[in-house]
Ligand code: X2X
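Here you get one chain, nothing else, as C-alpha coordinates; it is the form predicted alone.
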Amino acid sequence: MRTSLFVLAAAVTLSFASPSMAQEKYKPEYRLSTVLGSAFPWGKGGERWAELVKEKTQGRINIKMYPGTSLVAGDQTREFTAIRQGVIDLAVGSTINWSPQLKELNLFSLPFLMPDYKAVDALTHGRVGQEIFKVIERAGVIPLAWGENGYRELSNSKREIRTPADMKGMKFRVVGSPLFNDTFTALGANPTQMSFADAQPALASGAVDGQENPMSVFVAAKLSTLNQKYLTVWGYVNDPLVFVVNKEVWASWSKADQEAVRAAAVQAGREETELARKGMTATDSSVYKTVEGLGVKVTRLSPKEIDEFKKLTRPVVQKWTKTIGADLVKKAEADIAARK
(Lines give C-alpha, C1' and ligand atoms only; values in the text may rest on other atoms or scores of the structure.)
Protein backbone atom coordinates (compact mmCIF):
# COMPACT_ATOMS: atom_id res chain seq x y z
CA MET A 1 0.00 0.00 0.00
CA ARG A 2 2.82 2.38 0.96
CA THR A 3 4.57 1.59 -2.35
CA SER A 4 1.38 2.36 -4.32
CA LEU A 5 0.97 5.69 -2.57
CA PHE A 6 4.59 6.54 -3.33
CA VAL A 7 4.14 5.77 -7.04
CA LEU A 8 0.92 7.78 -7.13
CA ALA A 9 2.57 10.74 -5.44
CA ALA A 10 5.50 10.57 -7.85
CA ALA A 11 3.15 10.50 -10.83
CA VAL A 12 1.23 13.51 -9.56
CA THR A 13 4.48 15.37 -8.95
CA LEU A 14 5.69 14.60 -12.48
CA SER A 15 2.39 15.66 -14.02
CA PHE A 16 2.61 19.04 -12.35
CA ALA A 17 6.33 19.36 -13.11
CA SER A 18 6.13 18.49 -16.81
CA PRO A 19 5.53 22.02 -18.15
CA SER A 20 8.51 23.42 -16.27
CA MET A 21 10.60 20.37 -17.11
CA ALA A 22 9.83 20.89 -20.79
CA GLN A 23 10.75 24.52 -20.44
CA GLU A 24 14.11 23.53 -18.93
CA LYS A 25 15.04 22.10 -22.33
CA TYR A 26 15.06 25.59 -23.76
CA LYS A 27 18.44 27.26 -24.13
CA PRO A 28 19.02 30.61 -22.41
CA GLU A 29 19.94 31.98 -25.85
CA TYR A 30 19.73 30.81 -29.46
CA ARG A 31 22.21 31.74 -32.18
CA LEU A 32 20.88 33.31 -35.36
CA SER A 33 23.20 33.55 -38.37
CA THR A 34 23.01 36.17 -41.13
CA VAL A 35 25.50 37.25 -43.76
CA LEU A 36 24.74 40.97 -43.51
CA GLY A 37 24.22 43.15 -40.46
CA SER A 38 21.48 45.57 -39.47
CA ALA A 39 22.66 48.27 -41.90
CA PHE A 40 21.08 46.09 -44.61
CA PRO A 41 17.50 44.80 -45.06
CA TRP A 42 18.80 41.24 -44.60
CA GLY A 43 20.21 42.00 -41.15
CA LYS A 44 17.16 44.05 -40.20
CA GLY A 45 15.04 41.02 -41.07
CA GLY A 46 17.06 38.89 -38.66
CA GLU A 47 16.79 41.49 -35.92
CA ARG A 48 13.06 41.82 -36.45
CA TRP A 49 12.58 38.04 -36.28
CA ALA A 50 14.41 37.92 -32.96
CA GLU A 51 12.27 40.77 -31.59
CA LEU A 52 9.02 39.18 -32.69
CA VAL A 53 9.96 35.75 -31.33
CA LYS A 54 10.75 37.19 -27.91
CA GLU A 55 7.46 39.07 -27.95
CA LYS A 56 5.31 36.19 -29.20
CA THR A 57 6.84 33.61 -26.79
CA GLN A 58 6.75 35.97 -23.79
CA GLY A 59 10.51 35.76 -23.50
CA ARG A 60 10.77 31.95 -23.48
CA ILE A 61 12.88 32.03 -26.65
CA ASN A 62 15.70 34.57 -26.77
CA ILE A 63 17.71 34.96 -29.95
CA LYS A 64 21.06 36.66 -30.53
CA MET A 65 22.00 37.54 -34.09
CA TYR A 66 25.51 36.83 -35.40
CA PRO A 67 26.02 38.79 -38.66
CA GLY A 68 28.88 38.30 -41.09
CA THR A 69 28.35 34.52 -40.88
CA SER A 70 30.72 34.82 -37.91
CA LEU A 71 29.62 31.43 -36.56
CA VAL A 72 31.37 29.82 -39.54
CA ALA A 73 34.34 32.20 -39.73
CA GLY A 74 32.70 34.21 -42.50
CA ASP A 75 32.44 31.30 -44.95
CA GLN A 76 28.93 31.77 -46.35
CA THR A 77 28.90 28.44 -48.17
CA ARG A 78 29.41 26.53 -44.89
CA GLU A 79 26.39 28.07 -43.20
CA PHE A 80 23.79 25.49 -44.19
CA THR A 81 25.96 22.58 -43.09
CA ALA A 82 26.52 24.33 -39.75
CA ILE A 83 22.75 24.67 -39.28
CA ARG A 84 22.28 20.95 -39.88
CA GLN A 85 25.06 20.13 -37.43
CA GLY A 86 23.63 22.40 -34.72
CA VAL A 87 26.51 24.88 -34.71
CA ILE A 88 23.84 27.43 -35.74
CA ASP A 89 20.33 27.35 -34.23
CA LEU A 90 18.51 29.64 -36.65
CA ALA A 91 19.38 31.52 -39.82
CA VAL A 92 18.11 33.91 -42.42
CA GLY A 93 20.03 32.49 -45.33
CA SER A 94 20.58 33.06 -49.02
CA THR A 95 19.43 30.58 -51.64
CA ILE A 96 22.71 31.33 -53.43
CA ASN A 97 24.92 30.52 -50.46
CA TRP A 98 23.07 27.29 -49.69
CA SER A 99 22.89 26.08 -53.30
CA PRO A 100 26.17 24.08 -53.07
CA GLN A 101 24.43 21.82 -50.52
CA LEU A 102 20.94 21.93 -52.04
CA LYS A 103 21.12 21.77 -55.83
CA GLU A 104 17.47 22.81 -56.26
CA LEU A 105 18.22 26.25 -54.83
CA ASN A 106 20.25 27.01 -57.96
CA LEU A 107 16.87 27.59 -59.60
CA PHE A 108 16.83 31.18 -58.35
CA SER A 109 20.28 31.84 -59.81
CA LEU A 110 19.37 30.87 -63.37
CA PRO A 111 20.14 34.03 -65.36
CA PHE A 112 17.13 36.08 -66.43
CA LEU A 113 14.57 33.57 -65.12
CA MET A 114 12.63 36.11 -63.01
CA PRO A 115 11.97 39.34 -64.93
CA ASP A 116 10.11 41.17 -62.15
CA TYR A 117 8.94 41.01 -58.54
CA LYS A 118 5.68 39.30 -59.54
CA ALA A 119 7.77 36.50 -61.00
CA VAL A 120 9.74 36.17 -57.76
CA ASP A 121 6.54 36.05 -55.71
CA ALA A 122 5.00 33.51 -58.08
CA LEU A 123 7.86 31.15 -57.24
CA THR A 124 8.49 31.76 -53.54
CA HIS A 125 4.82 31.94 -52.56
CA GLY A 126 3.55 29.29 -54.96
CA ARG A 127 3.99 25.57 -55.57
CA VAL A 128 7.70 25.96 -56.39
CA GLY A 129 8.35 27.59 -53.02
CA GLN A 130 6.49 24.77 -51.29
CA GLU A 131 8.56 22.21 -53.14
CA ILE A 132 11.79 24.00 -52.19
CA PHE A 133 10.69 24.00 -48.54
CA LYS A 134 10.24 20.21 -48.73
CA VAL A 135 13.78 19.89 -50.10
CA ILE A 136 15.15 21.97 -47.22
CA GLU A 137 13.21 19.98 -44.63
CA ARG A 138 14.41 16.66 -46.06
CA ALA A 139 17.93 17.99 -45.55
CA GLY A 140 17.26 18.30 -41.81
CA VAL A 141 16.41 21.99 -41.49
CA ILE A 142 12.98 23.51 -40.83
CA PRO A 143 12.04 26.30 -43.31
CA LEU A 144 9.48 28.80 -42.09
CA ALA A 145 9.28 31.85 -44.35
CA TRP A 146 10.70 33.70 -47.33
CA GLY A 147 12.57 37.00 -47.38
CA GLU A 148 14.59 38.68 -50.10
CA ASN A 149 18.05 40.06 -50.67
CA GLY A 150 16.95 41.49 -54.02
CA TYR A 151 17.85 41.72 -57.68
CA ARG A 152 21.59 41.67 -58.22
CA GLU A 153 22.68 44.56 -60.42
CA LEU A 154 26.05 45.02 -62.10
CA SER A 155 28.63 47.69 -61.27
CA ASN A 156 32.18 48.39 -62.36
CA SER A 157 34.96 50.98 -62.38
CA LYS A 158 35.77 51.06 -66.11
CA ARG A 159 32.86 51.77 -68.42
CA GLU A 160 29.14 51.75 -69.07
CA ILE A 161 27.83 48.26 -69.82
CA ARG A 162 25.03 47.95 -72.36
CA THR A 163 26.10 44.85 -74.28
CA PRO A 164 27.93 41.62 -73.43
CA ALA A 165 30.87 42.96 -75.44
CA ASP A 166 31.27 45.72 -72.86
CA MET A 167 32.02 43.05 -70.22
CA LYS A 168 34.74 41.33 -72.22
CA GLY A 169 37.87 40.68 -70.18
CA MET A 170 36.59 42.62 -67.18
CA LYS A 171 37.24 41.06 -63.77
CA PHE A 172 34.10 40.69 -61.63
CA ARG A 173 33.78 39.47 -58.08
CA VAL A 174 31.04 36.82 -57.91
CA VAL A 175 29.63 34.75 -55.07
CA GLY A 176 30.80 31.23 -54.27
CA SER A 177 28.58 29.37 -56.71
CA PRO A 178 29.80 27.63 -59.87
CA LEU A 179 26.66 28.78 -61.69
CA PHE A 180 27.81 32.41 -61.39
CA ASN A 181 31.19 31.47 -62.81
CA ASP A 182 29.47 29.90 -65.79
CA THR A 183 27.19 32.89 -66.31
CA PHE A 184 29.94 35.51 -66.30
CA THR A 185 32.26 33.34 -68.39
CA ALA A 186 29.50 32.96 -70.99
CA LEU A 187 29.26 36.76 -71.14
CA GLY A 188 32.98 37.09 -71.84
CA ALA A 189 33.93 38.39 -68.40
CA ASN A 190 36.53 37.08 -65.97
CA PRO A 191 34.71 35.98 -62.79
CA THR A 192 36.55 35.58 -59.50
CA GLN A 193 34.93 34.12 -56.40
CA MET A 194 35.53 35.79 -53.06
CA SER A 195 33.63 36.75 -49.92
CA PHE A 196 32.03 40.17 -49.79
CA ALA A 197 34.47 41.15 -47.03
CA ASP A 198 37.42 40.36 -49.32
CA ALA A 199 35.73 41.98 -52.30
CA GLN A 200 35.63 45.46 -50.80
CA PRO A 201 39.42 46.03 -50.57
CA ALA A 202 39.82 44.31 -53.96
CA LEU A 203 37.43 46.82 -55.53
CA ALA A 204 39.11 49.73 -53.75
CA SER A 205 42.56 48.75 -55.01
CA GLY A 206 41.39 47.97 -58.54
CA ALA A 207 42.40 44.32 -58.28
CA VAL A 208 38.79 43.60 -59.24
CA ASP A 209 36.91 45.80 -61.73
CA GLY A 210 33.33 45.15 -60.71
CA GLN A 211 30.77 43.19 -58.76
CA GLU A 212 27.07 42.27 -58.70
CA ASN A 213 24.84 42.83 -55.68
CA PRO A 214 21.39 44.11 -54.72
CA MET A 215 20.96 47.88 -54.63
CA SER A 216 20.49 47.84 -50.86
CA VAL A 217 24.01 46.41 -50.57
CA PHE A 218 25.42 48.88 -53.11
CA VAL A 219 24.07 51.81 -51.07
CA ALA A 220 24.70 50.58 -47.52
CA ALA A 221 28.22 49.33 -48.30
CA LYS A 222 28.98 52.62 -50.10
CA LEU A 223 30.30 50.85 -53.16
CA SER A 224 30.38 54.15 -55.03
CA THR A 225 33.42 55.00 -52.88
CA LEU A 226 35.14 51.80 -54.07
CA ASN A 227 35.54 52.90 -57.69
CA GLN A 228 32.10 51.60 -58.70
CA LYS A 229 31.13 54.48 -60.96
CA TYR A 230 29.04 52.58 -63.52
CA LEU A 231 25.87 50.69 -62.60
CA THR A 232 23.84 48.54 -64.99
CA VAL A 233 20.27 47.65 -64.01
CA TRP A 234 19.70 44.31 -65.70
CA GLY A 235 17.81 42.24 -63.07
CA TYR A 236 19.50 39.04 -64.12
CA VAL A 237 19.14 37.23 -60.78
CA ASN A 238 17.12 37.68 -57.61
CA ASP A 239 18.32 36.26 -54.29
CA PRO A 240 15.44 35.04 -52.08
CA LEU A 241 16.22 34.49 -48.39
CA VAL A 242 14.90 31.68 -46.19
CA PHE A 243 14.10 31.86 -42.48
CA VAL A 244 15.03 28.47 -40.97
CA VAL A 245 15.53 26.62 -37.66
CA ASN A 246 17.74 23.64 -36.83
CA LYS A 247 15.60 20.48 -36.68
CA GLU A 248 16.58 19.44 -33.14
CA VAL A 249 16.07 22.95 -31.80
CA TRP A 250 12.65 23.07 -33.45
CA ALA A 251 11.66 19.72 -31.92
CA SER A 252 12.64 20.94 -28.44
CA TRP A 253 10.01 23.70 -28.47
CA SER A 254 6.35 23.32 -27.60
CA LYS A 255 3.82 23.33 -30.46
CA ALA A 256 2.61 26.76 -29.35
CA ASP A 257 6.11 28.19 -29.43
CA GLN A 258 6.79 26.58 -32.78
CA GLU A 259 3.78 28.35 -34.23
CA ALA A 260 4.84 31.60 -32.58
CA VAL A 261 8.30 31.34 -34.15
CA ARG A 262 6.76 30.53 -37.53
CA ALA A 263 4.36 33.48 -37.33
CA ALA A 264 7.25 35.74 -36.35
CA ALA A 265 9.29 34.51 -39.33
CA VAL A 266 6.43 35.13 -41.77
CA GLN A 267 5.91 38.65 -40.44
CA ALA A 268 9.63 39.45 -40.38
CA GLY A 269 10.04 38.02 -43.88
CA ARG A 270 7.22 40.15 -45.23
CA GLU A 271 8.61 43.30 -43.62
CA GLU A 272 12.16 42.51 -44.77
CA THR A 273 11.02 41.95 -48.37
CA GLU A 274 9.21 45.29 -48.42
CA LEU A 275 12.36 46.96 -47.12
CA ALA A 276 14.57 45.21 -49.71
CA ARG A 277 12.32 46.45 -52.54
CA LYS A 278 11.84 49.98 -51.27
CA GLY A 279 12.83 52.63 -53.81
CA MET A 280 13.21 50.14 -56.66
CA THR A 281 9.69 49.87 -58.04
CA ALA A 282 7.84 51.43 -60.96
CA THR A 283 6.18 53.90 -58.60
CA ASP A 284 9.26 54.64 -56.48
CA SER A 285 12.74 54.67 -58.03
CA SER A 286 14.33 56.81 -55.33
CA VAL A 287 17.24 54.43 -54.72
CA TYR A 288 18.52 54.87 -58.27
CA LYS A 289 18.22 58.65 -57.94
CA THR A 290 20.21 58.48 -54.70
CA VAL A 291 22.95 56.50 -56.44
CA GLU A 292 23.04 58.93 -59.36
CA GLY A 293 23.46 61.71 -56.80
CA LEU A 294 26.67 59.99 -55.68
CA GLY A 295 28.17 60.44 -59.13
CA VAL A 296 27.35 56.96 -60.43
CA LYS A 297 26.13 56.57 -64.00
CA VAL A 298 23.03 54.37 -63.89
CA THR A 299 22.19 52.47 -67.08
CA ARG A 300 18.82 50.75 -67.39
CA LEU A 301 18.77 48.07 -70.06
CA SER A 302 15.79 47.77 -72.38
CA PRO A 303 14.13 44.36 -72.96
CA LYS A 304 15.83 44.23 -76.36
CA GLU A 305 19.25 44.87 -74.82
CA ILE A 306 18.61 42.23 -72.14
CA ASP A 307 17.79 39.72 -74.88
CA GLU A 308 21.43 39.89 -76.03
CA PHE A 309 22.57 38.77 -72.57
CA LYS A 310 19.88 36.09 -72.47
CA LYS A 311 21.05 34.56 -75.73
CA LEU A 312 24.61 34.12 -74.50
CA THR A 313 23.52 32.62 -71.16
CA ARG A 314 20.97 30.20 -72.63
CA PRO A 315 23.51 27.33 -72.65
CA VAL A 316 24.15 28.01 -68.94
CA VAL A 317 20.43 27.67 -68.23
CA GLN A 318 20.29 24.41 -70.21
CA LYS A 319 23.33 23.01 -68.40
CA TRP A 320 22.09 23.87 -64.92
CA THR A 321 18.53 22.73 -65.59
CA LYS A 322 19.89 19.17 -65.56
CA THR A 323 21.42 19.77 -62.11
CA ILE A 324 18.39 21.52 -60.63
CA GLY A 325 15.84 19.17 -62.12
CA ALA A 326 13.99 19.69 -65.39
CA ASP A 327 10.56 19.26 -63.76
CA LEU A 328 11.21 21.98 -61.18
CA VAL A 329 12.52 24.41 -63.80
CA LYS A 330 9.51 23.67 -66.02
CA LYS A 331 7.12 24.41 -63.12
CA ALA A 332 8.94 27.64 -62.39
CA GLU A 333 8.76 28.79 -66.01
CA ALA A 334 5.06 27.91 -66.19
CA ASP A 335 4.21 29.76 -62.97
CA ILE A 336 6.15 32.83 -64.10
CA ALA A 337 4.38 32.80 -67.47
CA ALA A 338 1.01 32.60 -65.69
CA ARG A 339 1.75 35.35 -63.14
CA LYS A 340 -0.19 38.08 -64.96
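Counting begins at 1, following the sequence as shown. These figures come from a predicted structure and were not determined experimentally.
The form predicted in complex with the named molecule exists for this protein as well; it is not shown, and the discussion that follows is about that form.
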The named molecule contact at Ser216 in the predicted complex, heavy atom, 4.5 Å: no
Heavy atom of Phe196 within 4.5 Å of the named molecule in the predicted complex: yes
Any non-hydrogen atom of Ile61 within 4.5 angstroms of the named molecule in the predicted complex: no
Proximity of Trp42 to the named molecule in the predicted complex, heavy atoms at 4.5 Å: yes
Whether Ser94, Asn149 and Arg173 all lie within 4.5 angstroms of the named molecule in the predicted complex by heavy atom: yes
Interface stretch in the predicted complex with the named molecule - options 162-170, 137-145, 263-271, 96-104, non-hydrogen atom within 4.5 Å: 96-104
Residue among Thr183, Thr232, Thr124, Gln76 with a heavy atom within 4.5 Å of the named molecule in the predicted complex: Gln76
Heavy atom within 4.5 Å of the named molecule in the predicted complex - residue from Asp209, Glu153, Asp89, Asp239: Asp239
Residues in 31-46 with any heavy atom within 4.5 Å of the named molecule in the predicted complex: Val35, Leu36, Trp42
